[in-house]
Ligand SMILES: NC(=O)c1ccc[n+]([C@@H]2O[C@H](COP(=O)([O-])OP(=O)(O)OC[C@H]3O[C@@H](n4cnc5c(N)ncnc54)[C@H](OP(=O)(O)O)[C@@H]3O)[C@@H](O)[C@H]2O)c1
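Encoded as structure tokens, the following chain is the form predicted on its own, with no partner shown.
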Amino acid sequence: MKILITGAGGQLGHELVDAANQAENEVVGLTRAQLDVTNRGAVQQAVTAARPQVIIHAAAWTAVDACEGDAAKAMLVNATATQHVVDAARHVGARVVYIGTDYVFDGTKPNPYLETDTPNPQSVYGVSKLAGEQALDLALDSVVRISWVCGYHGANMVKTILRLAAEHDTLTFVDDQIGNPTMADDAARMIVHLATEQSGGIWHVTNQGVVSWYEFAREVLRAAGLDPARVRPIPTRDLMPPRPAPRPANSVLENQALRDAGIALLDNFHVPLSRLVNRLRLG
């Protein structure tokens, strides 16, 4: 299958290109430098030239706190640009797989979020990503929501935790936000599978296992052979300085659509986390 991937230079985009190639697809990966998705004409031209059967739209502005201070840019990059991609896809008869986020939910549900739950974003980032979802035709296109993504490329929490551990004796992380840590390479393989083998709809794709950020930081240190007792818990309200954008207290995404489709779920996050930490330490 011919697949066009936007945001191919990002943390997930790198892995999507690798996964799509490994699955023996014809891949056109376009980085932000190669394609400005906010430019409608450029998107139309790129998609018309490539004529893909499916577009995995991974390009996004994911700096949650920065989005909070620039709603217009967040909506342009995450919502308007998605409409450009969808329009271009329709022109060549392609479907779109859009990378979504746990931030479309308010985080107040006591149980894991299902694909069928009603979104209620509390941050500018979440609002802009939900608007991107709404540009799609879910009878044809797919939304794949992921959460707490970490990987070898780009900035992410695993790299931050390892850096802080090298600089400080004690690390402090919040213990009242929970979610599913998801490794980018695992997520990418599943997204490519959904892009090539499945029809439209909403899918939650995460590694299995639920932890708080405090517990996750301890697991990262443990995977690196360091003492997890160096991590101390703190409630979100005591963070200094406070974060501009509100975070969902519950970001746990139930992978119900995958279960219903009989698709094997991703490994518990400990498995790919160990692989990632070893890869990062080897450079």
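Note that the structure is predicted; figures quoted are calculated from it, not measured. All residue numbers are counted from 1 along the displayed sequence.
Omitted from view is the form predicted in complex with this ligand, to which the following refers.
Residue in contact with this ligand in the predicted complex (any heavy atom within 4.5 Å), chosen from 77, 86, 130, 143: 77. Residue in contact with this ligand in the predicted complex (any heavy atom within 4.5 Å), chosen from 220, 47, 231, 58: 58.
For the marked spot (32, 37 and 99), a heavy atom within 4.5 Å of this ligand in the predicted complex is present in each of the three residues. This ligand in the predicted complex is approached by residue 11, whose closest heavy atom lies within 4.5 angstroms of it. The closest heavy atom approach of residue 188 to this ligand in the predicted complex falls outside 4.5 Å. This ligand is not drawn, but in the predicted complex it has a heavy atom within 4.5 Å of residue 148.
Interface membership of residue 62, defined by any non-hydrogen atom within 4.5 Å of this ligand in the predicted complex, is confirmed. Per the 4.5 Å heavy atom criterion, this ligand in the predicted complex is contacted by stretch 148 to 156, the sole one of 148 to 156, 110 to 118, 192 to 200, 170 to 178.
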